[in-house]
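There is one chain below, alone, in structure tokens, taken in the form predicted on its own.
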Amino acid sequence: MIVVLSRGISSYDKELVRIYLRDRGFAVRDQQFGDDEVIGAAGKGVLDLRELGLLPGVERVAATSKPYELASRETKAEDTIVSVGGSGGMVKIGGSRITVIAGPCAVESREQIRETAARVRESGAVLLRGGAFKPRSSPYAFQGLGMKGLEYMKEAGDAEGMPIVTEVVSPEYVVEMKDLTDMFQIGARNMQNFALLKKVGSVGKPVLLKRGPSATIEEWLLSAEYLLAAGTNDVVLCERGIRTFETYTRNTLDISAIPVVKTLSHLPVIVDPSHAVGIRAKVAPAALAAIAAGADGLTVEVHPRPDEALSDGPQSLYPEQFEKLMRDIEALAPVVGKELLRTPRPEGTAAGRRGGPQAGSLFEGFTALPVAYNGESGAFAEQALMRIFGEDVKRRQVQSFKEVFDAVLDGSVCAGVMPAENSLSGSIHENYDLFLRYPDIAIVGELKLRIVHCLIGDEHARLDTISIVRSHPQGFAQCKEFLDKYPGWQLEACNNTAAAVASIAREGAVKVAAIAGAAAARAHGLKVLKEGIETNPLNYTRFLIISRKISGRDGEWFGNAWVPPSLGSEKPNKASLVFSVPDKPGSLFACLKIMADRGINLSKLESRPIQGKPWEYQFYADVSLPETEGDFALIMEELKTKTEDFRFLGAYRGSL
């Protein structure tokens, strides 16, 4: 049951509502439901809904239709994002990121868990898994190292800057384990161990709840309800395969459970492909299928020497196999509208001392300052921003791309996000030209976002009543084939796609539609009339992250490179340049030859007119970076001798 409170309700009246519910046998919890403040009431209490609705400060009462009230999307419409962290750093599960948990099935020794943690961290895992206590079918099988194994695991997580998740098998261990683990795991065999669920939930730490091998989806969600009702707010559901008549794999991975559960519940859902298939060669395909189905992440078993593993060796990946899987996930993520989560290595950790950007210096002030983008709520630029920096980052909306540069330059924001080019309609030249007017601003990152356009209108609008369509000119260009079917529609250009949606919401226009993303429709309370209207489904926009050049560093090549938090400690692999050449035969060829002879790959070359110099041109280039910064510096110095005007726009980590 949901009790929606009146805005401005006094704390006294709110407490009266809580007391009324508790006295009648309900467990109560304060929650936020969109803009409304609500009290969730769960349990088998008895009351008169009319009487409850008459209490001071009660706006309305809504009964939920699901037995798992706290886990139900009826109680909380927006997705829950679970934060897991401690001395090993902070990781979020859910939202627009794909979170990968990795590690051995069991902690076997200090050396084994330290080696595994280092290998999976290097490949991009952000949470370390491993069993200190191992419930096994056979009483003679390896049962784990117990608390000593957990101490080894905590040590490894701290060394690599990774929070840890481990299974708790009995209520008696909960208190002893809670200060060593960052997240409890409830294993498949214990999904309906209700005494354990209550005890773990009462501690308040994040919980990874695995689905039982014979459990229905409703039984799984009811187990999550036990945890939520007991006190924890952070539950992650894990599908790990169910028992069927099939014998070729260890279990049968229930892919369909992922979209079903995400419809029923607001809780994040991850998948354990290792236990689902039980065969090393089948883990990667199952993992990619889970991502394609909408999973928020994976938990994967990895062992440096699987043939020597004391538990589940046949399903554990070699580190090299895990590294390839992570590259494949990174390539697949944009297709499903997500980004692979990467986290920085905190300063002072062993991992941090090995190199790469630190959580101090470059990131200092990051959480205090917003990130700027051009557009309204729901704009594609805002989606790219959240994909890079996270859903909870502070954001500043501005009205033009120039204002993004201005905000970055004056230091009122830590960074800006702006579109640079689209895979269908080409470069956004206005934004490239701005770099020449702002020499103190550098490109520090990029993201390729898949663009799915929708026709959006008022809830009463229909295709046959539309007469005007608004969007950015790029939106019109990317949806030309769809628009050609409706020659009677009048096209009105707007500053950006989300602004077109916002204008309809403000005006309450019924005969006007907009072309934008579904996020803009949700942000402004409008309806998607038709989804996927772009001419080509391979429609991507490349967004650039810009920031002020960092002073006080040697050199201008790698020296001004900055890696956003989502890219963690990865080194820059790409740079952008702009230059002009003398007006004589072979001058451009001479520049390109320098790069070709030195093994520098040229991924983009585009000419633009030089302002104030008719019929003279400059060239924008994107190039790969060599392993050594010094080599690149020498190449750039040589390139300068062949150009008339040369500017280095930034070194950064290019996305796939």
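Everything numeric in this text was worked out from a predicted model, so none of it was measured. Start at 1 and count along the sequence shown; that's the residue number.
Same protein, other form: the form predicted in complex with a small molecule, not shown, and the subject of what follows.
Contact residue in the predicted bound form, from K154, R97, K210, H472 (heavy atom within 4.5 Å of the small molecule): Partner contact (heavy atom, 4.5 Å) among the options: K210.
The unique member of H275, R342, R121, H453 whose heavy atoms fall within 4.5 Å of the small molecule in the predicted bound form: Looking at the other structure, the residue within range turns out to be H275.
Contact flag, D182 vs the small molecule in the predicted bound form, heavy atom cut 4.5 Å: No, D182 sits far enough from the small molecule in the predicted bound form that none of its heavy atoms falls within 4.5 Å.
R240, heavy atom within 4.5 angstroms of the small molecule in the predicted bound form: It does: once the small molecule is placed as it appears in the predicted bound form, R240 has a heavy atom within 4.5 Å of it.
G187 within 4.5 Å of the small molecule in the predicted bound form, heavy atoms: Output for G187 is yes: heavy atoms within 4.5 Å of the small molecule.
Exercise: H303 in contact with the small molecule in the predicted bound form, heavy atom 4.5 Å: No, no contact at 4.5 Å.
Proximity to the small molecule in the predicted bound form (heavy atom, within 4.5 Å), stretch among 325 to 333, 532 to 540, 111 to 119, 128 to 136: It is 128 to 136 that comes within 4.5 Å of the partner.
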